[in-house]
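Here's a solo chain for you in structure tokens, the form predicted alone.
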Amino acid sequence: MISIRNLYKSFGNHRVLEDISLDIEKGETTVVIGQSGVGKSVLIKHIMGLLKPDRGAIFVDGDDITKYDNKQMKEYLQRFGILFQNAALFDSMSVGENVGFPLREHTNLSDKEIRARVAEKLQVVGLAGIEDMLPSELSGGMRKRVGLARAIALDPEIMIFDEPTTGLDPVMSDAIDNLVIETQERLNLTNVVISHDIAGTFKIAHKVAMLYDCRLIEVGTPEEFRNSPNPVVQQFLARKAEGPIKI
């Protein structure tokens, strides 16, 4: 679905991405891992068309989105849903108003139709009937679920997850991982996930891609990652300070 080819990006003299090529398959979950600050978010912003590369191309269904004009880019962005790291809910709005926000902004649905769509999406994430609650009344895990309900409100084709289990305990992290899998299968989503959670990565990923020193140093299935001979990959997976990764 998404084919990144020979992507380069620098900010001034600071090189961030160098010769990145990656295929993201339709209906699968691709997890991008790596140290903080290695360019994972910059790569995601290129996939979404929010940044332009210095060189390279990004083909989506055969079209190079780096050449899109503003109108084409606006239409392209509507194919995405995003779950931010902290869920990014509006604290002054109820759960129902949060989930319904993109529907009010981007559709002509009636209030009745929006309420029905909100109820449907909350049911998908296992939170039926909480429309009147405020974000301040929710646990961290519930906030993530509401954020996901809002992200899928417009029935996106592609979901971006920015470290979906950050700040959650291990049990709730596993519940969110299960939800990522369930929604991907139920809605046939193409997922792109940024994560530091190795156990979660191996659970949800069809494909794992690791960024290090501006480059993709390993791309493969979770099993291929576990068996990788690359010392950088093995140090990262083992969570060890000692090794070739510079701290």
Partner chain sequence: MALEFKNIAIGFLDGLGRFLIRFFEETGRLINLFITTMRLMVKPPFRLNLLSKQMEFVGVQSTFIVALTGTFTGMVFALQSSYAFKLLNAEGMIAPAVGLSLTRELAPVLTGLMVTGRVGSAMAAELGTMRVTEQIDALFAMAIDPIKYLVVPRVIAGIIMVPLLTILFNFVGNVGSYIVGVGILGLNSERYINDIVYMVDLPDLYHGVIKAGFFGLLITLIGCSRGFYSAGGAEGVGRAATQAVVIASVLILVSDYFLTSVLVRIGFD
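Numbering follows the first chain given and starts at 1. In this text, all values refer to a predicted model and were calculated from it rather than measured experimentally.
Omitted from view is the form predicted together with the partner chain, to which the following refers.
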Where, among 122 to 130, 82 to 90, 108 to 116, 170 to 178, do residues come within 4.5 Å of the partner chain in the model of the complex by heavy atom distance? 82 to 90
Taking heavy atoms only, is Val42 within 4.5 angstroms of the partner chain in the model of the complex? no
Wondering, does Asp162 line up within 4.5 Å of the partner chain in the model of the complex on heavy atoms? yes
Whether Gln72 contacts the partner chain in the model of the complex should be assessed with a 4.5 Å heavy atom distance threshold; does it? no
Do Ile198 and the partner chain share at least one heavy atom pair within 4.5 Å in the model of the complex? no
Since exactly one of Cys214, Met48, Ile217, Ala57 fits, which has a heavy atom within 4.5 Å of the partner chain in the model of the complex? Met48
Quick one: of Pro102, Gly96, Gly140, Pro156, which gets a non-hydrogen atom within 4.5 angstroms of the partner chain in the model of the complex? Pro102
